[in-house]
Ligand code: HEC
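One chain is shown next in structure tokens, namely the form predicted alone.
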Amino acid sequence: MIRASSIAHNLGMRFNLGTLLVLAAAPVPFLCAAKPQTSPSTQNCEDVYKNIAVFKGVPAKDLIPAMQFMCASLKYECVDCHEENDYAAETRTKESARKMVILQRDINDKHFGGKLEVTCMSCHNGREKPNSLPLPATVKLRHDKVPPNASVSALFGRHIKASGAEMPMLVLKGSMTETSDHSDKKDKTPYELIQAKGGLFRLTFKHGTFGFDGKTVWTGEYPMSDEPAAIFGRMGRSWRGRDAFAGLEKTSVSGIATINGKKTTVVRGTRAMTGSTEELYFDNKSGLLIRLVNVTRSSIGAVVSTIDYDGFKSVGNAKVPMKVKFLSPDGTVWDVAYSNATVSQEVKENLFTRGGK
């Protein structure tokens, strides 16, 4: 295909893709990968164009619309695959595109009787790299470029300082409103979270009582494991104290993003204990963590969940988020609003043991 910008440069104007295709369809020397044309409407691609591989036997008039479709599906320009001065030349991206065309045809032949059901757009959907996981509309895992001099240790340190001291025991009481993509029903119920040093927590709401005793996440009298334990472990995490980010490995600053109107810097890391990847969004203004994105992988794909922290209030010597939103992979949203937050100097250890009261 022709690069529209190079034609525009020669003619002193800017062309859109529609203009490009008008030019490409004409038997003129703009199309540098084309052979001398006679009647392209009755010829195949290999009779008109040079270095044709997967479009052999396909009418020549099909090639430009096919290239246009690829560009639209990936938001590509012609020169993202072709050499600017020799469109017939071999490139790595052209070879990848050929493999994808073969894959598409194979899927449609085997599973849809040759009907054009699966296309480039089915997977790419306007992106260079297809999403391999169901992303919530508010979540993006590719961010703008990393700001200069950004460092993980500085971001962690700033949050720890801004969030304040780790309190002996914090008691948060309020309500939770549950909504779902599958229902318009809103269910508002009591919600209580008790946190203590060392990551201890006890969470009580409509689905039961859950906690962490320093070694095991539990519900009632029973220990939890694997992903269920990881889910409630994230819900009870306090993000305060010098060990706020313990267990997060292979960390790096992955970019910048805007969350609910706030400019943030994003840190990405992995948790060996849960086998998941986490992204932490730090508010550039306050330094506080305002979003956690968790990506958990399975043998057939990955799922994404988020926790947003907002409405920070000074409680004792700490900043506490009084509004917390949990978004699960299935579209269920738990909006938690705390109406009361108190600090207790006396830690009741039995609250955090299995079955304790």
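Being a predicted model, the structure only gives us computed values, none of them experimental. The first residue of the sequence shown is number 1, and the count goes up from there.
Just so you know, the form predicted in complex with the named molecule exists too; it's not on screen, but the next bit is about it.
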Exercise. Could you check which residue among 64, 288, 292, 315 gets a heavy atom within 4.5 Å of the named molecule in the predicted bound form?
Key: 64
Quiz item: Though the named molecule is not shown, can you say which of 77, 192, 227, 83 has a heavy atom within 4.5 Å of it in the predicted bound form?
Solution: 77
Quiz item: Among 207, 219 and 235, does every residue place a heavy atom within 4.5 Å of the named molecule in the predicted bound form?
Solution: no
Quiz prompt | Stretch in contact in the predicted bound form with the named molecule, which is absent here, among 154-162, 240-248, 268-276, 126-134 (heavy atoms within 4.5 Å) | solution = 126-134
Practice problem: Using the partner position in the predicted bound form, report whether residue 180 sits within 4.5 Å of the named molecule, counting heavy atoms only. | Solution: no
Quiz item: Closest heavy atom of residue 322 to the named molecule in the predicted bound form, within 4.5 Å or not?
Solution: no
Quiz item: Taking heavy atoms only, is residue 328 within 4.5 angstroms of the named molecule in the predicted bound form?
Solution: no
Quiz item: Quick one: is residue 120 in contact with the named molecule in the predicted bound form, heavy atoms, 4.5 Å cut-off?
Solution: yes
Exercise. Any residue of 98-112 with a heavy atom within 4.5 Å of the named molecule in the predicted bound form counts; write them all down in order.
Key: 98, 100, 101, 103, 104, 107
